[in-house]
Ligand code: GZL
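One chain comes next, on its own, written out as structure tokens in the form predicted alone.
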């Protein structure tokens, strides 16, 4: 292992700082030295649902397994707080920052601040605006699911299994977030290409159960003939089920409910017939996240996008797969 003297490091850092001050763009991700242990930041967006909790637990478990110090923050659903969290990690001198950006544009300053400070950033599960920051240049890589494909997969299932149902209420995720943008794009495009369906209403439920319930209640009143609800995540799907039952409708019979995430509660709802189908969005990021970081420290080339494998649950496999859901 090559050791870098403090003087050499400081000279290099000064040179990089001088370039930045002079307005010269630094067109590569900061390097990461090989060490026995690391101080690693993980800036989580929120912890208000089972998916986020599963992701956080996976990251914490892997850091502990490796003997790394993990600086963990929870932005509590605030992009502004998440930017402040990243700046705090920079001030604490972490070696790497794992960032799950709440929204695509507001987190750009955090990514750029880390780059300027010489700290590589790895994006987890949500990305940032590609016109403002680039993988392999401003941050190392994005690890996550293909959100467009998730939306497309659930739409393709619907096209084959709608059984005459055609009027769709879409419960969107957090406005401006990459999963909300992409899950809508994949689903809407596939539905429009298939023909015979109408999205009668599409409104954000902010990935939250209670807001999803409230929005579903309002939209069901406005569109009583709607017979399909597509929710961008399980929390909103469970909220929609509560709204349907409160309205005297039977989820799975009167209205098909479709979801993305694949937590145990949602897979159980598939077993119970209340959710028709759900695409998994794998939250177990720890092993791949830290493996990618270590590979980068060794000097290996890292692809700009690393895609997680996601399962699909419907009546054909939900009971058998329930024990494996998070």
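Quantities reported herein were computed from a predicted structural model and do not represent experimental measurements. Residue numbers count along the first chain shown, from 1.
Heads up, the form predicted together with beta-D-galactofuranose (GZL) isn't pictured, but that's what we're talking about next.
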- Message: With a cut-off of 4.5 Å between heavy atoms, is residue 184 one of the residues that contacts beta-D-galactofuranose (GZL) in the predicted complex?
- Response: no
- Item | Contact label in the predicted complex: residue 51 to beta-D-galactofuranose (GZL), heavy atom within 4.5 Å | yes
- Message: Is it the case that residue 82, even though its partner is missing from this view, gets within 4.5 Å of beta-D-galactofuranose (GZL) in the predicted complex, heavy atoms only?
- Response: no
- Heavy atom to heavy atom, is residue 43 within 4.5 Å of beta-D-galactofuranose (GZL) in the predicted complex? no
- Message: So beta-D-galactofuranose (GZL) isn't shown here. In the predicted complex, which residue out of 120, 239, 251, 179 has a non-hydrogen atom within 4.5 Å of it?
- Response: 179
- Note which of 95, 103, 138, 125 lies within 4.5 Å of beta-D-galactofuranose (GZL) in the predicted complex, where distance is taken over heavy atoms; exactly one does. 125
- Which among 296-304, 61-69, 267-275, 43-51 is in contact with beta-D-galactofuranose (GZL) in the predicted complex, heavy atoms within 4.5 angstroms? 43-51
- beta-D-galactofuranose (GZL) in the predicted complex reached by all of 158, 230 and 313, non-hydrogen atom within 4.5 Å: no
- Query: Does any residue in 280-301 get within 4.5 Å of beta-D-galactofuranose (GZL) in the predicted complex, counting heavy atoms only, and if so which ones?
  - Reply: 281
